[in-house]
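Presented below, as structure tokens, is a lone chain in the form predicted alone.
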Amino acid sequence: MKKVLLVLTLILILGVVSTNLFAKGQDEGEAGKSTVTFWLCDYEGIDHDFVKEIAAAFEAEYPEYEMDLVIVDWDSMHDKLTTSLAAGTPPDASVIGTRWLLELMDLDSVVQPGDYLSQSTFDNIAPGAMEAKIDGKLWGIPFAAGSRFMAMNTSLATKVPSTMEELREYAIEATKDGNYGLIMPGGKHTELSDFVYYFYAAGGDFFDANGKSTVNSAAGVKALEFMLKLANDDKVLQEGYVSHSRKQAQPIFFAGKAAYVMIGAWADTEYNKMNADWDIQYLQIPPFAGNKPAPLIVTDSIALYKDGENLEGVGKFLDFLYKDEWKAPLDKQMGFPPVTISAAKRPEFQTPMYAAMGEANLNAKGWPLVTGWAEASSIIIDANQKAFLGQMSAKEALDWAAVEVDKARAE
């Protein structure tokens, strides 16, 4: 009897195993593919249909892979990524703000991309774009890099400001007939960009040599007080600016309803979409009088994750993506100058907007590369909003932010 039970048990076990193997064979054998997962940020100007073309072309060239190319909104990327890392289910690779890299390294979640991409891909990337190099080792592949600048609607304004004080004057002059002098997003969004334009223009730095927050320095207070004057005293900003993200605010400029906007690489793409009956001119973001120009430069990278399920496959995909036929059009849609040497020579990147970005690069200043920057940035945006809503003065709001930033980074 025991022998019969043993035989029956073995038959049952073998049956279950065979069923699982058969099911697995159906998943992997019939399809004959393994999945590669890549998260791409939803940059302004990006053509979602073209992104689908990239995925389809990769699958056609590498039929052993199925490409899961996911477009993720910028404002949710950081949280979505950290959640997936905590769960042990990250993508194989994703676009990141380079400023997040130290945080990801503290989590021991990233691997060096040089182990998975071909040397020919790295040889074609401009050395100056390799910002994600720490202690001599590259931890992120340069994806996008570009300085911010200013755009002017020449039907509403023709004066080129050389200082922030002049920008205020010219914006006041242009605010009439239902048009705005200046666009400024004031809502909660991922980037701290609009405050940083004024902060850097005043000579500000976010941290001192000891890593202590200095957002409440004289430069910080000057920047935020200036923004409040533009909004409350001069009334040159678009209505509802306090609740506007960048994607909500900037279309007002491209609709021809504002004279000036501080903007980035996507400007040409968005302007061309509108078939505007007015001309756009690209300028430099001016400093406050007595200061040197210091426009923001933003760099984004691609990180590969230790817990990714198909690092070999995503390495092949990134080699494929960085070919001129795919990366160059994608760069053009996003408006960023190419990080690859070959694409930078293409005629579509020899335009006035790229010339303005090139000039801005000469004086540009990046985000601080420190741990906890994402949370620090969020706190400073909260402080800005407290001031915009009249809950605190500029000094009170930034004093609060400095304390909270130091507290958050110490935890």
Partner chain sequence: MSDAVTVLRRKRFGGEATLAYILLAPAVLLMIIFMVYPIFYVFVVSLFNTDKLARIKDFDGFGIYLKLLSSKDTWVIIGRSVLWTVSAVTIKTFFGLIIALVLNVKYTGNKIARLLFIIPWASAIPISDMIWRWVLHSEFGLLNHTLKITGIMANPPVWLGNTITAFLSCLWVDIWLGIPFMALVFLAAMQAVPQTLYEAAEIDGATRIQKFKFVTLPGIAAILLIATLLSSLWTFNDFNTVYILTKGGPAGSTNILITYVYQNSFEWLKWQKASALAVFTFLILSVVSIVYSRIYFKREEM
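Positions refer to the first chain, counted from 1. Source: prediction; values computed, not measured.
From this point on, the text means the form predicted together with its partner chain, which you will not see here.
- Residue contact with its partner chain in the model of the complex: G45 places no heavy atom within 4.5 Å of it.
- When contacts are judged by a 4.5 Å heavy atom cut-off, Q281 does not count as touching its partner chain in the model of the complex.
- Heavy atoms of D324 never reach within 4.5 Å of its partner chain in the model of the complex, leaving it off the interface.
- Within this chain, I252 lines the site of its partner chain in the model of the complex, having a heavy atom no more than 4.5 Å away.
- Here is the short version: of L230, A157, M334, L85, the single residue with a heavy atom within 4.5 Å of its partner chain in the model of the complex is L85.
- For the options K176, K273, K188, K133, the residue carrying a heavy atom within 4.5 angstroms of its partner chain in the model of the complex is K188.
- Considering its partner chain in the model of the complex, the lone stretch of 309-317, 282-290, 255-263, 146-154 in range is 255-263 [heavy atom distance within 4.5 Å].
- Within 4.5 angstroms of its partner chain in the model of the complex, the stretch 368-383 places a non-hydrogen atom from each of T371, G372, A374, E375, S378, D382, taken in sequence order.
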